[in-house]
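Heads up, the chain below is alone and in the form predicted on its own; it's given as structure tokens.
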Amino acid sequence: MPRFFIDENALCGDVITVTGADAVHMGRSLRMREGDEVIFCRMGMEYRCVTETFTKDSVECRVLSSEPSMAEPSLRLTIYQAFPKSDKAEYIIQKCTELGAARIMFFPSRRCIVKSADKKLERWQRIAEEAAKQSGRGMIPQILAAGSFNEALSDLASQDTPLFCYENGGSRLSGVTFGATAGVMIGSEGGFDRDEADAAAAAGAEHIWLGRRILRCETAPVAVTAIIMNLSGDI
């Protein structure tokens, strides 16, 4: 059954009105007709609908039923990733979205070569949407960019379970107790300075360790997300 994401303005009572590219895709590419069923997703909810009216640039659908998406994890996980080089951010967004991350925040750290999103946020958000559709998610992860390490650290500290991935040692993830929300801060290709690690600890983030092998900066967030989702029962 076709699946689409909608914003809050599309839903009015038990009617969902689709416009723009999705409406064109439904009518022309998928050749949907009146009476066809379709699923719309918004903020972790799934709406099973039947199409009723097609116009040149819109489709009106009647909601048959709604329920929380079974594909959404019980744990709301944020990945805090120091800006990586080249197109590694796109890989991180795609894979962490597939695995269940709710938010991905990029930030500059002392050893980063790249220091900003450089107007890439719009593209990154589209990549998250495509990955969410492909993997059957009930929501699109939010892609963010912090202006500084301290800004990202402050956001991390607001999570029920704040974690700091550090190559110089820390707790095993298997020993961590998770709350309703969790965040993991991961370094760039050069890792973190000791001062940054100390600042994270002072902010209440627990240092975690992924073992003796040094993972690439695009491998670590994917591994961490998979492990945490497994520990929380979502894989």
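For every residue, the number given is its place in the sequence shown, counted from 1. All figures in this text were calculated on a predicted structure; none of them were measured in a lab.
Below, we turn to the form predicted in complex with a further copy of the same chain, even though it does not appear here.
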* Structure fact -> The listed residue (Asp160, Glu98, Glu151, Glu90) that reaches within 4.5 Å of a further copy of the same chain in the predicted complex by any heavy atom is Glu98
* Structure fact -> None of Leu173, Cys41, Ala182, Met26 but one has a heavy atom within 4.5 Å of a further copy of the same chain in the predicted complex; the exception is Leu173
* To do: Spot the stretch among 141 to 149, 107 to 115, 67 to 75, 160 to 168 with residues whose non-hydrogen atoms come within 4.5 Å of a further copy of the same chain in the predicted complex.
  => 67 to 75
* Is there a non-hydrogen atom of Gly20 within 4.5 angstroms of a non-hydrogen atom of a further copy of the same chain in the predicted complex? -> no
* Asked: Does Ala10 make contact with a further copy of the same chain in the predicted complex, using a 4.5 Å heavy atom cut-off?
  -> no
* Ile227: touches a further copy of the same chain in the predicted complex, heavy atom cutoff 4.5 angstroms -> yes
* Can any non-hydrogen atom of Ile16 be found within 4.5 angstroms of a further copy of the same chain in the predicted complex? -> no
* From first to last in sequence, which residues of 206 to 227 have any non-hydrogen atom within 4.5 angstroms of a further copy of the same chain in the predicted complex? -> Leu210, Gly211, Arg212, Arg213, Ile214, Leu215, Arg216, Glu218, Thr219, Val222, Ala223, Ala226, Ile227
